[in-house]
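Next comes just one chain, in structure tokens: the form predicted on its own.
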Amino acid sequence: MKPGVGIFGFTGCAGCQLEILNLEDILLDLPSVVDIINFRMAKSENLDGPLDISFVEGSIMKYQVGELKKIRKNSKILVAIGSCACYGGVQYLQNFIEKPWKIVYNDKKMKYASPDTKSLSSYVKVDYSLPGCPIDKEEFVDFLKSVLLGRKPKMKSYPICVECKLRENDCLLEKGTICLGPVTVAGCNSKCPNNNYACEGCRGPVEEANISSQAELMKEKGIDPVDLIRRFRMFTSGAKEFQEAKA
């Protein structure tokens, strides 16, 4: 029997699910190797499980915890996909801002209940994480291949700078551009630096990231202290390492 796969979305933009649908060259081949049991973005008929692998996008609001735990119970392997699922995403920033709706709507009388969104791991066991905003579709395919072949997926443990150097890119930091490549985990094939655009850390911190050294380097380059904190927290403010960044 083919492995049963579920692809789920919670609080997010659905961009990671869209990246899976953007696998034009192999998308139609997937049903020949896996049984896609649940994928509401692509199917009208869906079942709850049981599932061999569940890929879950989006951060979790309190009212969604029960549904997430049900998916966890029905899944042999649960994979967090995207920065929202892995770290809480952009929406986690509200935890660092007092009454954020006033900044957005300028309405002091407005009643607003904070969704209090968190990462998947705040509520259930996560077996693997594929970060990014959105995920890298090639990394998704490599991960799926490993699981189908019965191999333990090899998760990246080095920074994006390694991928950047392999492509012989000029270092943006040496050009005076603020780049978070040295402290951000690889896996995207350094897409942004390849196009002369600084890494913004959307994949989250690499293991043993030297955040303090990166922060000092950024200050030496003349970055505003307030902007420094914003850079670290833009996509993955739920990551403990990036929370510890000091201006």
Partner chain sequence: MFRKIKKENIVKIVEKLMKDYDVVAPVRNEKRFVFEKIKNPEKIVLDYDSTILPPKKFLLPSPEIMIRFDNDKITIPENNKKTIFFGIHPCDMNAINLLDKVEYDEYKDDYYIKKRENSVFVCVDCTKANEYCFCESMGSDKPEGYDVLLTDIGDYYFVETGSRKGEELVENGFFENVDKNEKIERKKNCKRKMNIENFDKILKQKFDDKIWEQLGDKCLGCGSCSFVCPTCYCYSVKDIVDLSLKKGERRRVWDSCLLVDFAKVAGGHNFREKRSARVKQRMYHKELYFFEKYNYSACVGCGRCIRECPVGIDVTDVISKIRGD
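Nothing here was measured: the structure is a model prediction, and the numbers come from that model. Numbering follows the first chain given and starts at 1.
Omitted from view is the form predicted together with the partner chain, to which the following refers.
Contact check for residue 165: a heavy atom falls within 4.5 Å of the partner chain in the model of the complex. Contact check for residue 210: a non-hydrogen atom falls within 4.5 Å of the partner chain in the model of the complex.
A residue is said to contact a partner when one of its heavy atoms sits within 4.5 Å of a partner heavy atom; residue 173 meets this definition for the partner chain in the model of the complex.
The shortest heavy atom separation between residue 45 and the partner chain in the model of the complex exceeds 4.5 Å. The stretch among 147 to 155, 129 to 137, 98 to 106, 84 to 92 whose residues place heavy atoms within 4.5 Å of the partner chain in the model of the complex is 147 to 155. Taken together, the three residues 17, 74 and 227 all stay farther than 4.5 Å from the partner chain in the model of the complex, as judged by their closest heavy atom. The contact with the partner chain in the model of the complex, taken as any heavy atom within 4.5 Å, belongs to 33 out of 198, 61, 36, 33.
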